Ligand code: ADP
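What follows is a single chain, given as structure tokens, in the form predicted alone.
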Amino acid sequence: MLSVALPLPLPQAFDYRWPEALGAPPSPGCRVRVPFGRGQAVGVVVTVGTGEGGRALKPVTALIDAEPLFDDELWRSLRWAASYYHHPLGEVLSAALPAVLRTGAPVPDLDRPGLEITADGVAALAAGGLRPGPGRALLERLQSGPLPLERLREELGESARGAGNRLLRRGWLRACRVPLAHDPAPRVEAPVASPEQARVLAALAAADPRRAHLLEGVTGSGKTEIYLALAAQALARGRQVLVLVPEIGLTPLALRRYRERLPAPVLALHSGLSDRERAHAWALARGGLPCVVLGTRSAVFTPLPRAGLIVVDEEHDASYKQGDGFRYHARDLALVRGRALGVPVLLGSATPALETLALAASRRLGHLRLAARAGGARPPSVELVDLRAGHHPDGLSNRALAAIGEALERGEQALVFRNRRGWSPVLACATCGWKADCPGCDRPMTWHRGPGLLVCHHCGRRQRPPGACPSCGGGALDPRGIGTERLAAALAARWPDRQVLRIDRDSSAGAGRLDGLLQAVERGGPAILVGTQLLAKGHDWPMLTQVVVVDADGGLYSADFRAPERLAQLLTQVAGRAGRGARPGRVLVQTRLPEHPFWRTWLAGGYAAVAQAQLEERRRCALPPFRFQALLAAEATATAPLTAFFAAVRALPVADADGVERIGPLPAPMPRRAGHHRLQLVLEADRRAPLHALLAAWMARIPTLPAARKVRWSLDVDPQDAG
């Protein structure tokens, strides 16, 4: 008998009979194909037993893997995660596998599909008749030897795909398989470490290699140089390195830096790759290849049989928390895996999460600091601009416009930060006040003038705006508020001879577009960057000297207790883009609340002062990280099923739940989204044990409740937002 975990939102595994015709029973961790319902499903063997317990079990249809896909450490870590987050094991195991392996496909071969130049291609290049373009660049790049396809696309952009197909048809290139070791890359010498960097590296060398550390370094202090030095040491020992970055937009830059500096393959793992490319990188790591695996949140599940180091860059970033399905936190799982693997974990940030600072204060993490910018660069000057006086039709004060113009005159770059996409957040009637609200959400739709659409940034609904006010029949509707699209248009009109680059989710959609925009900035030259938080972290542009924050007041009004922390993190990260080279940086923050206590704290002491004040406030108010939380949320098209669901949940008998406070159910911060009403129940406790005892009891019973079948419900352990 086999117990098989299937990717279903059910807590139990399913039992099947093992047919003797398939040979010896598989080990836990192998995939099998089994009958389920009217079809077939791919699951993972959890346990192997004898007998059938008196039941007539369905037989396993096929064995997919001859050996387990997960080694002992990863198997134990995934089972721990399923238990800690109270999520079905089958869905956890499925999330840890590349998409193609979830369908039952075999593990990819360890060599990689690539291209190599033919004799005809060499001759065509030598003839000198090729015009500059993707085809010529591709032939020139392959002169030094064959390269894998994904490497070519990363270096040359998506145009390499079409150029490669054309050159294949002409016979100037041919497809090949690239061996593991054949991954040539230029090498760049490491700079001499600063005294601070040398002290950090010496401290890490002397520390327990199994201990995790927080590396708190101001923006521009050279945290990446620490990561690279430690990675080089691990690779020299034949070990593997996992580096997590928060945004897909940071991976091209990070890949270039790691490949330039490290004499080993650097494998990418993120959603911008094809399913097969991700499966291949996963298989290479699983095979024990000494390499660097660099990826976003889900890369934390990469097998690391020869692990030597785990790095979590920008560890404070909210994108490390999965927002639906299996709601894990990649930073926390990295710490769990590092402990299980017995390797160091380095959490790096200029603005550490309060949870991480609390761990460091309790000495559960080491705490290392880089207090100065590398290369002698000075921190930027910061100034508040009071918006209460004067009229600012495009959201920019005269002081901000003058500062941008001065930077351009000096041949420098300016960044205008606004964390709102589109032309205007609201389209409203000036006569009666009607707003273009989303029909399915309790929020206004954003006006995008370029495509001429109203877009809901919560449910994705898109529609044409009405020609007149539907309420009073008045004239043209009035766009209210400022988005990045409107800012970019205003700045382009004011400086028509200067480059204005808008970098947000809309402008960077599509393969390679974001990397192309970022490379345009890296080339230097006078330019204005307009963008959202995509620009706030990880970028190093020496010619960028002026930053303007258009409107930071929104974070001062939020009901979310994490809002001040996140506002301070965002402002500090954005400000840190200025003056990272030899030229001084300046930051202007526009506000209508210049006397707010937050500004006094941040201007006087930076992020550290805000973090300390917030930790004290949370301690007094018994909030995380000094208390533990879970969030049970549900949604339905009507309110009655929600009321019945939470009544049934609260009526469940639970033992050993003393000390767990249950708050609600209450409406979610957005009570209706995508046509669904939303309620949530917050559970809090001073200790984890009683909270998890209650959750375990509930998760065993909730799926069986009749009321649970009429709602969509979810559990979030250690929630990072208010829902």
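Everything quoted here is computed from the prediction, not taken from an experiment. In this text, residue numbers run from 1 along the sequence as written.
One more form of this protein should be noted, the form predicted in complex with adenosine-5'-diphosphate, which is absent from this view; the next part is about it.
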(Q) My question is simply whether R112 lines the interface with adenosine-5'-diphosphate in the model of the complex - judged by any non-hydrogen atom within 4.5 Å. (A) no
Q) Should G342 be classed as touching adenosine-5'-diphosphate in the model of the complex when contacts are defined as heavy atoms within 4.5 Å? A) no
Q) Is the gap between Q197 and adenosine-5'-diphosphate in the model of the complex 4.5 Å or less for some heavy atom pair? A) yes
Q | Distance check, R486 to adenosine-5'-diphosphate in the model of the complex, heavy atom within 4.5 Å | A | no
Q) Among V192, A206, A371, A559, which has any heavy atom within 4.5 Å of adenosine-5'-diphosphate in the model of the complex? A) V192
**Q.** Contact assignment for adenosine-5'-diphosphate in the model of the complex, among Q240, T446, S221, T251, heavy atom within 4.5 Å
**A.** S221
**Q.** in the model of the complex, segment of 81-89, 222-230, 543-551, 429-437 with a heavy atom within 4.5 Å of adenosine-5'-diphosphate
**A.** 222-230
Q: Pull the contact list for 242-257: residues with a heavy atom within 4.5 Å of adenosine-5'-diphosphate in the model of the complex, in sequence order.
A: R257
